[in-house]
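As a starting point, one isolated chain is supplied in structure tokens, in the form predicted on its own.
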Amino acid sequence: METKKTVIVTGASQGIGHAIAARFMREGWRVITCSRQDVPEHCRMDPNWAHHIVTDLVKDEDVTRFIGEANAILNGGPLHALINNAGVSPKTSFKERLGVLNGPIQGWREVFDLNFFAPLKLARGFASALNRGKGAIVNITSIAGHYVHPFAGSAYSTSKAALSGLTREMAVEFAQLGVRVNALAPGEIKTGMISPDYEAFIPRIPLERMGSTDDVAGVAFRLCSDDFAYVTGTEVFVTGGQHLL
């Protein structure tokens, strides 16, 4: 009997992370998740969503605790995928995106702690389990890491650009463990948190629509499948072609 595959998804209580967890569940994977909030009660009714651990990945002690609890759940078994989805794009007290000329420098550190250092720490913490599963890591970056985005803010954009660079470095190092590392860069994705201002981007998207969370989840799942067994160090743009213009 084939052993059920296991994936860890961060930032899974809502939006893209929630859709990614749901996609892996539909494919029959066991899903271990974390986020700052608990997941909706109906999610726990799915036997594949076995474990959700409330975690603030900005805090070192929470990261260490999450790695320990998740590895205990794995119990020496393999991990087949790690999806580093959790991220933040904060605003200042004046409702402006955190930039070079506004907002506290400590705010930049917190953005990088979650958007950049957390994926690094989790990759280290689950390296052995991923090696056992000959698994895959998918880092969720952003179109804003490659182009100046009016709503993203400098702190968010540069943290995602750094994660893109980290993905390439991780791909080389983790190849020694038989683990693939790729990135997925969403464009304008319709979630419950998106503002009406984003509708102005639609004329600039060749496919003439905003993306859905399922669009992103489908690519994340495929990057972890055997169809991509010879693909590592790549960043896939899920933008409807927006990054081409």
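Keep in mind that this is a model prediction, so the values were computed, not measured. Counting begins at 1, following the sequence as shown.
There is another form of the same protein, the form predicted together with a small molecule; it is not shown, and what comes next is about it.
At a distance threshold of 4.5 angstroms between non-hydrogen atoms, residue 140 is in contact with the small molecule in the predicted bound form. At a distance threshold of 4.5 angstroms between non-hydrogen atoms, residue 234 is out of contact with the small molecule in the predicted bound form. The small molecule in the predicted bound form is approached by residue 87, whose closest heavy atom lies within 4.5 angstroms of it. Using a 4.5 Å cutoff between non-hydrogen atoms, residue 188 counts as a contact of the small molecule in the predicted bound form. With the partner left out here, the small molecule still marks one of 200 to 208, 174 to 182, 49 to 57, 22 to 30 in the predicted bound form; by a 4.5 Å heavy atom cut-off that stretch is 49 to 57.
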